Structures are given as structure tokens and as C-alpha cells.
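Heads up, the chain below is alone and in the form predicted on its own; it's given as C-alpha cells.
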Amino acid sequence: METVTAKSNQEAHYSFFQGVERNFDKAAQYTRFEPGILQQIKACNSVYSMKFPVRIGNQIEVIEAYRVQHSHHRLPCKGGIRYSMDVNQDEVMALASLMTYKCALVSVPFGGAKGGIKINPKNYSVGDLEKITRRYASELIKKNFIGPGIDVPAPDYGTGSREMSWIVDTYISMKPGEVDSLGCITGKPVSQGGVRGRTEATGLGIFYGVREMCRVKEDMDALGMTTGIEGKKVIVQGLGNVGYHAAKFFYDNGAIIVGLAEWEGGIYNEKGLDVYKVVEHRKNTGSILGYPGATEFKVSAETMEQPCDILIPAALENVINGSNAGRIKAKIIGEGANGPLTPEADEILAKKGIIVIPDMYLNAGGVTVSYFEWLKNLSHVRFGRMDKRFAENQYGSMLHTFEDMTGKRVTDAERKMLLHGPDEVDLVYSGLEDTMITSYHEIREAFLGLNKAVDMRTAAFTVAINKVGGAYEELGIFP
């Protein structure tokens, strides 16, 4: 997935949406579909551009906002809402199209969508943000651009569960009596129909995806690495929600976090950093700089150029580009952010033999768990409620039988683990893990089956296009 804007990347002269289409066209030649179907897959089905007035203090402010539904091959459409001064129609169209391919890639049965409001949320009070959010939601409702079977937004850059709670409340007030109304949006607080595990979903998905690659002996042999995550040296750029949770799961599972970078700079220690202590240090001082025993980099990007096995850029677009790609020393790059590599960087890294796990797959944990939340809202029951106790009783009976047969007793800690029935978060983690593992091998199979000049990004697009095109064929809409 390429995130390219002419104003931010002087290497390229095409828009973000054109960049996505460029990747699409590169992969489309490896599919079986005729040009007309490919054109339909590429096109944005619906673009809603709006401007509405909101009273901010003593003045009326006209707010610019968008909602784009890229594909209706599956309904509802799905995609986040971002609050940023960089929001524009081209960006929202590009992100909506990428959501289509991302959902298809991980077999989440949604069409792609995206929304955005052109504001800097830091410039508004909580009350003003609520007014803007609720007005935006009402505009979507009036135009039938939101609903559990139509279009289901979610959080994105600049938004979170708070904004989602305002939107679902607005929806319920304008659609009284709609039994599935909680399913109109995901990323909600658990108390309002949200699902446990959603907060860490993207970071955990990154971990699952990279871990699966590291389990494949042939791939690791080609890179001159051993299998498994344990002992691998990892650098994570970005300590926001995605980067922090990715670093946490790598650290907890035996990887060595040698570098961490944030906007204020970066730190590096080849012997490893304690993720929890670094976060605590930043909380106390306001910066990761000054962490004991670490080498500091005032320029954050320099951290990514240090020796490591795995690099996870999990914050900004275009951080690895033509000017610095040649200095990257990692053997695997896992794209945690949207579009952290430019096309020029892709070419340079490919020549160096560095494997790039594309963002379109790797950061799909968020939408996967959003799908689980949507299913929960439609079923009106918490995951695990129906079978947790039954499973625990069954495990207890089996354990009792085994202990009687062997004459041995397990420890209290072992008993607690063996008798644990699945909670909601256990089932969410399990579903996400299965999704990331299955999807990785679909991409890898396509990668191995295509021309050797094809990278994993093109392979991922090919898989996604085949799934979307197949869905259009099933619909029978092309006479």
C-alpha cells in the first residue's frame, strides 16, 4: 500500500489515489479479469463531500467533511473516520479503496469506505468536538451513508472510542427502535457494545503477521535467519497505540527491542530496551530521550537506520524513501503504518533483498476485530457467554479423569490454565491470529506463484483483486 501525496513526497508526481491505482494496475495483469471488471473494482462507487455550519464559541464555522464508499461488492462498507487538517477528497478516496482490498485480503466481508473531517482536533474543546461529530453523523444518516447494513465507520487518526460513542448515540436518537443500531459503527467503548481486544488489535495483528513469516523455514533460510521471533532484534518507529502494542507483543514473546523512535527522537541499545520502562520514562519526562543506557538520535528517522533484524515503521507515511532506503539494515520490514514506504524505497529495498510485509495485510488487525465487534452487535450477545462455563466444566471433568487414571495431581497454576474457559478477549485474539496466519499464507502462495520480479505488495493486491472480482462475478451484475 502506497501513501503518496505530491506535497509531502517530492519523489513522486501522482496523487495518493493515483498511487493506489498504480499498485492496482501492477497487480491486475496477473489476474484473469477483463478490463471492464477491473475498472469497476478500481472505481469509487459513491463520494459524499459535505460542508456544514457549527457554532464554535461566538462564531459560526463551516466544516469540510467527506465519506467515500469505494466498493459495494459486499455490504456494509467499512472504514474509519479521521480528523486532520490533511483530509481531502483524494486522500479519503485512496484510503477507501485500500479498505476494499484490505478487507478482501483478510476475508472480512465488507466493501471499503473511509471518512474524514478537515479539522485539527487539538484546536477544539471536547464540547465543540462533540457538536462537530454529532452534526457529521446526522449528515451521514440523512444521506443513508451509515447503518449496520449500509456503511459502518470506525476510529482512525484523530478519533477514538469517545467519538464513536457520540456517533452511535446520534444514530440511535435518529433511528429509534432499530434493533441492530449498535452495529452502525465499531470501535465503541465496551459499555456501548464495543468488543474487548479492539484497542490492541492492530499492534497484535502486526505481531501475528511478522511471527508467521518468521516461522517459515524456507523464507528465513533465504534471509540467513533462524526461525521464530525469540531473539530477533526489532526496531519500532512510533509509540502510539499501534507501535506501542506491536513493541509490547514482540517484547513479551522474546524478541529484543533494540530501537524505539518517536517524534522527539529515538533511542537504541543493541542489548535491548525494556519497553515498559521506556514508556514509563516517557510518561514521567515527556520524552523517550534520556533513557538510561541508550544511544540517542535527535533525528527520529536515524533510529530506523541502525542494525536490526526486523523494522516496524508504525507511525507516519513515507518515512522510508529514496533518500534513506539505502541505509536501512533490517532484513524484514513490517509496515505497521499506512504507506510508510515510497515506491522508490520499495525498489531500493527489493534490490537489497529486504522483504517488505505490506501494510494492506499487516495492519488489518483493526478491521478484523471491528468485524468481530459488528458480529457481536448483530448477535446481541457477548462472545463466550454461551459456552465459557460449559467448556470449564468439561475441562474439569477430563482433568479429574486423567488425574484418577494416572494418580498424579497438577499444580494450582497448571489447574488454573487447563480449566480456563474462553473469555471474549480470548476468542477475539484467537480469531485474529487465525485470520493473520491464513492470510499470510495466501499472500505467500501468490508471491511464490508469480513472476520473481513481483514483490509481496503486488502479491497481496493480486489476492485482493481476485477476491473482489470473484464476488462481482457471483453477484452476476455483468450481463
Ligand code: GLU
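So that there is no doubt, residue numbering starts at 1 and follows the sequence shown. Nothing here was measured: the structure is a model prediction, and the numbers come from that model.
What comes next is about the form predicted together with this ligand, which does not appear here.
Of the residues 198, 245, 232, 73, just one reaches this ligand in the predicted complex with a heavy atom at 4.5 Å or closer; this is 198. In summary, among the residues 97, 237, 377, 370, the only one with a non-hydrogen atom within 4.5 Å of this ligand in the predicted complex is 370.
With a 4.5 Å cutoff on heavy atoms, residue 78 counts as touching this ligand in the predicted complex. In the predicted complex, no heavy atom of residue 346 sits within 4.5 Å of this ligand. This ligand is not shown here, and in the predicted complex it never comes within 4.5 Å of any heavy atom of residue 91. Proximity of residue 300 to this ligand in the predicted complex falls outside the 4.5 Å heavy atom cutoff.
Residues within 4.5 angstroms of this ligand in the predicted complex, judged by any non-hydrogen atom, belong to 361-369 and to none of the other stretches in 224-232, 361-369, 381-389, 285-293. Contact annotation for 97-136: residues with any non-hydrogen atom within 4.5 angstroms of this ligand in the predicted complex are 99, 102, 114, listed in sequence order.
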